[in-house]
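Below are two forms of the same protein chain, given as C-alpha cells: structure 1, then structure 2.
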Structure 1
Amino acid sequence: MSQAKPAAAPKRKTATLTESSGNKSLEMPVMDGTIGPSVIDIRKLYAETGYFTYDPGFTSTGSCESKITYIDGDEGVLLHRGYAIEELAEHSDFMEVAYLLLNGELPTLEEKKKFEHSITYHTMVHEQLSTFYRGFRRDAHPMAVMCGVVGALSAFYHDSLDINDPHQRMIASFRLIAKMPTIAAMAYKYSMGQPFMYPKNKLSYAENFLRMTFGVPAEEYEINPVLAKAMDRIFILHADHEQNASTSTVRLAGSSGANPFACIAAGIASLWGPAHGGANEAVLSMLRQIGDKKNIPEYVKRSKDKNDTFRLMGFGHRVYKNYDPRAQVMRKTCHEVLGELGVRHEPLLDLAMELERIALEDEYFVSKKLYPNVDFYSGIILRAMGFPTSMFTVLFAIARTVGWIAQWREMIEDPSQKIGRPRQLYTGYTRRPYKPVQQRG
C-alpha cells in the first residue's frame, strides 16, 4: 500500500527587489498582520545590497510589531486590543481602558478594583516637587512645566528605574498614570497663583482631576457628573493612537534603555508641537479669527481656495480619510456639555456650532469627507468647561500617558527590539582638506 504524501507547506510570500542594471537583487519576506496591510521585511537590505530605503517621516515604514492599537483610516476604524473605540467610549471608563491597553484584556470586576486601588494610592507626588514648581515663572506654558516635572520624577523615585525588572516597570507605570493628573493640575494652579489641591482617594480618575484643577481649599468642590463623564470620555478617546509622533518618540527614547520617566517626558515634548497635540488649541484660535457667525461664509470660501493660506482647523484628519470614529462620540459629548452648562449662546461656542452645521451640509466638505474631527469638538468642550487653551495639550498628555506606557512596555518586552538608528541620504560635501584660518578667503 502506498503511503500518502504529506501536504506541502504553504509557500512563503516574498517580494523581490532588483536593481535596474540587474546586477543586484534581494528576495525579502512578506509579513502579515492579523488585519491591515502586509509589510516587506527589509532588515537585510543594506547588508546584502548596500542600499537603504528613503522614507521621510517614516510614513511607509513599520518600525515595530504591536498588539495594542489598530487604525484603518480609510474605513474610519480605531481598535484597542480589538475593541472599537466607540464601544469603549460608550460603555467603559478610562481606568478600564487603561487596564485593557496595559494588559491586553478587559478586567474582571476584581481585577478592575485592584487596578483602580493601585492607581488611586499613587496619585500624590513627592512633597519636594511643590518647591520644584516654584522654579518656573508664573507665566510658563504648562507643557514646559510638564516636561520638566515628569522628567524630574526619575530623581524622586529611584525604586522604579530598573527597566529590566518587571515589578519596577509595573510600579513606574502605575506612578506615571496616577501622578499625571496631579502634576497637570498643579501646573494649572501654579499659573493661577492658587494653592495646590491634594487628590482625594474616594473620587474617580476624572473627578479627582477636575477637583484638583478647579477646586479651592476654602470650600467643598461639587462634582458635576456630566462634566466628569465628559472628561473621562476625552481621556478614553485620546488614550492611544498607534505609532504617532509622540508614541514613536517614547519608543525611540526607550530603545536606548532610558528610564520610563525620561521616556514619557520625551513624549510630552513631542506632543507639545502644534502639528501633533496643539490641534484643538488651533481650533479655538481659528474661531477667534472668524469672530462672528456672519463671517463664516467668507472663511468657508477662503478655505476652499488653494491659493489662500487660511485653513479650517479641526476638519479632516491625516490618518482618517473617511471619518474620525472618535469625533462622533465627542460630538455627542460636546452637545451634552453645552446643554448642561447652558452656554449654547456663548459667542465663541455658538460660532463653533454654526460652523459645524454649515460644514456638514456643504457639498465641498461632504464630497471631500472633511468632517469635524476629535480636535474640533474637544477644543469646544474644554473651552466650555473653563480650561484655558494653554491647558488643552496638557489634558491630551494625561490621557496619552497610558498609551505611551503600554507601547513602552511592549517595546521593552519585545526580544527583537534594538536601539533606534534611522539612516539618512547624505547630500553634503564629500571629504575635503582642512585649511588654516589664514588661507580661507
Structure 2
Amino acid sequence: MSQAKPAAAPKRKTATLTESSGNKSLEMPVMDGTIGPSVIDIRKLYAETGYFTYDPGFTSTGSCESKITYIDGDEGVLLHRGYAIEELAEHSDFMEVAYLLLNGELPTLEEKKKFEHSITYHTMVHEQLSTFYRGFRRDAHPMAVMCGVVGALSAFYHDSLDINDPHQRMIASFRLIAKMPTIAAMAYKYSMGQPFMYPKNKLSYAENFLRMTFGVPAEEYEINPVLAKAMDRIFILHADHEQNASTSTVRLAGSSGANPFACIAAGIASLWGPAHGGANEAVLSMLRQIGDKKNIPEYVKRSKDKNDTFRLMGFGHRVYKNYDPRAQVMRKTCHEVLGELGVRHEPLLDLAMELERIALEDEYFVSKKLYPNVDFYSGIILRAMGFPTSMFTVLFAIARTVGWIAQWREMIEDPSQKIGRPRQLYTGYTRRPYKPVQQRG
C-alpha cells in the first residue's frame, strides 16, 4: 500500500548579513506577521558576529510581537484586533473598544454589561487621595498632577501590585481605566478652585467624565448627547496606537517588573511631550501665535526653514505618510460639535481650516506627505467644548490608558518577554587616567 508523501515543509525564509571583508556572515530567520512587513530576527547577531544594530528613534526596529493594533501608514489604515478604526468610531463605544483591546474580541451583550459594571465599580478614588492634590500648586500643569497622582496610586492600592498574579493584574487594569477620568477631572477642579465631583455610576464613561469636569454640586448637570458622543469618539480614536513613544515607555518600564500604576505614570510622562500627546495643546498655541489668516504664509515658510525651530504642529506623523484615518473621523466630529455649539465662525477654527487648505496644497507638505494628524482637529473640538488647552493631553491620557494596559498585559503574558535593554554606539573618550584637581586646566 502506497503511503501519501508528507507535504514538503515550506522553505524557511532567511536574510544573510555579510561583512564587506567577507570574514563574517550570519543567516538570520525572517519572521512573517499576519499582515505588514516581515521582520529579520537579529537576536543572535551580537552573540555570533560581535555587532549591534544602530537605529536611533527605532525607525526600523520591531521591539515586540503584538496582536493588538495594526497600522499601515502608507495606506492610512488603523486596525484594532482586526477592526477598522472608522467602523469602531462609527458603530462602537469606548467601553466596547476597551474590552476589545484588552480581551481580543468584541464582547457579547452580557460580557459588555459585566465589563461596564467592573469599570463602574472602581470609579471612586481613595478619599485620602483628594488631600494629596493639596500638595500641588493650583497653577500646576494638569499633566504634572497626572504624573504624580497616577504614580501615587501604587501607594494606595497595595492589593493589586503583584504583576505575577493574573487576578491582581486584572484589578489594577480596571482600577486604572475607571479612575483615570476621576483623577483627571479632579486635576481640573483643583486648578479651578472648585469642589471635586464624585462619579455617578449610572452615567456612561464619557458622560461621567464630562459631569465630573464641568458639573458643580450646586446644580444638576445636563448631559448634551452630541458632546457626550463626541467625547466618547475622541476616547475611541486615542485608545491605542501600536508601539508609539508612550506605549513603548510603558512596555520598557514594565519589562523590569515595575507595578502597573508606576508604568502608566511613566507613559503619561512620555505622552506629555509636544511631539507626541502634547501636540493638540501645541496646535492651539500655534494658532494663537499665527493670530491671523494673513500671517499663514509667513509661518508656513518658517516651518520649511531648516534653521528655524518652528514646525506646523498637528502636521506630519512618524508612521502615517498618508492621511491619518483618525484625523478623517475627527474632522467630521469637529464639524458636528461646532454645529451643535453654534460656533461655525470661530476665528481660530477659520484660521485652522485655512492653514489646512494652504498646507495641503503646498509642494513641501505634499512631497513630504505631511498631512493633518488627529491632534490638529482634536484641539479645536476640545476648545469648543470648553476644555482649557492644558487639559487636552490629559484627555489623551485617559483614552490611551486602555491601550497602555492592553500592551502592558500582553507583554507580561508573553513567555519570550525579557527586560528591555537597548545597546549603543559609544563615541566618547576611550580609557584615560584620572588627574587630581591641581593638575587640571
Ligand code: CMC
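Whichever C-alpha set is largest while still superposing within 1.5 Å between the two forms counts as the rigid core. Quick note, the numbers are simply positions in structure 1, starting from 1. Because the structure is predicted, anything quoted here is derived from the model rather than measured.
Taken from the structure described as the form predicted in complex with the named molecule is structure 2, whereas structure 1 is drawn from elsewhere.
Relative to the superposed rigid core, G403 undergoes a CA displacement smaller than 2 Å between structure 1 and structure 2. The two forms, fitted on the rigid core, differ between structure 1 and structure 2 by 2 Å or more at the CA of D305.
Superposition of the core reveals a Cα shift of less than 2 Å for F261 between structure 1 and structure 2. Core-based alignment between structure 1 and structure 2 gives a C-alpha movement of 2.6 Å at R318.
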